[in-house]
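Shown next as structure tokens: one chain only, the form predicted alone.
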């Protein structure tokens, strides 16, 4: 395990003065160079022993650098609304844009450090938390976010002396928080917790730097030097590329479009009976008191003209408009392109008691972006595992996730395209882009089958629905949603 030294190195004001002047100039130049390049964001994680001057250091960084391009992100313990979402949600949605710098207080290390500081840490939870942190930081590193983590450390005696000194002066006593006063008693355990967290999560692409914090000058100069080196450093991607999903987690056999039966049909009378029946069951479920604790994500993918919009409307007909958001996904905006790929989807996750319905989704990276070469081969290949991690975190937080692929044959698509062109009410639905995509039918089929192969997991499988007959597809989807919710709410 990593060890934290008990010594408290110092730096005199005479020594620090010239170093500070040089550092401040260099930091500004490096910050402006990063802003001009706009190819990478810098995320600085602030952690360490309470009472080590972390807050003062953040103020110093905002003073030494251009604060207009620094986002200080302070996270208290999760609120009630935040507890209802995946634990990484609030960090994802606040990521800085490329070129910017984020300073993170109260980071995603809070749960790991709290577990490590227990009298008897639970090893299984420690490993799960450290793995989630490494996966998160690996995804960030692969997607244009450089992470540097600073651990502020000082000896037990130095921490006690600093706290007493601050308390002795009314002008500085406010800086001492209740938790600072408890550190002395628990110091060995807190020190060892930090050392363990560093050992479990130190990576070349997301390194830890231990900052001596007993002496103000040493703390400030050491911090500036580490951040300057990070700003000047070329971003490091994870040493091992993120692999495709562990085959042990995959649904076997995976769905395939190659052997799908498109013959399913519903007669008009049967459809008129079943549709309101299943809509009624859905309406009762989302108004049940247990549903108030359940977030739901519905994902709809499929070929052009497969009937996604019509199916979504049959679902929303049973919902209270205050409960759901239907989110159409198109090409990313300029703002979205400055963040990691999954950022815009994290922002639209539902709170408990709400439903987010995605018309197209994060799977665009392994479908349209792959086929049309908007994403590099490296980007779309690693996206399988990034997506699986994303969905695993949703499921772990209690979110119900259902993924539907509405499938139509090539012949049925052609018939629908022509019908749209001939209809004054639907002609807006057919565009030259649709005809161009149709020419890539085989490429999209290959990409879709690969998507099923690598992302249809036992916990979050793909539901492939024959949609040549729209009534059949609509009822089949409603049935699946209702059954999944009944299971999640533990209702018979």
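Since this is a predicted model, take the numbers as computed values, not measurements. Positions refer to the first chain, counted from 1.
Absent from the display: the form predicted in complex with a further copy of the same chain. The rest refers to it.
Problem - Which of 406-414, 314-322, 191-199, 376-384 sits within 4.5 Å of a further copy of the same chain in the model of the complex, heavy atom basis - result: In the other structure, the partner sits against 314-322.
Handout entry: Answer option from 262, 271, 187, 105, heavy atom within 4.5 Å of a further copy of the same chain in the model of the complex
Key = Flagged contact: 105.
Exercise for the section: Select from the listed residues 177, 156, 232, 290 the one whose heavy atoms reach within 4.5 Å of a further copy of the same chain in the model of the complex. Expected result: Looking at 177, 156, 232, 290 one by one, just 177 meets the 4.5 Å heavy-atom criterion.
Problem - Any non-hydrogen atom of residue 279 within 4.5 angstroms of a further copy of the same chain in the model of the complex - result: Residue 279: yes, in contact with a further copy of the same chain in the model of the complex.
Exercise for the section: May I ask you to check whether residue 21 falls inside a 4.5 Å heavy atom distance of a further copy of the same chain in the model of the complex? Expected result: Yes - in the model of the complex, heavy atoms of residue 21 and a further copy of the same chain come within 4.5 Å of each other.
Exercise for the section: Find out whether any non-hydrogen atom of residue 337 is located within 4.5 angstroms of a further copy of the same chain in the model of the complex, and reply yes or no. Expected result: No.
Problem - 4.5 angstroms heavy atom contact with a further copy of the same chain in the model of the complex for residue 125 - result: Heavy-atom contact with a further copy of the same chain at 4.5 Å: absent for residue 125.
Handout entry: Site test, 25, 171 and 354 vs a further copy of the same chain in the model of the complex, non-hydrogen atom cutoff 4.5 Å
Key = Yes, the whole trio is in contact, each within 4.5 Å by some heavy atom.
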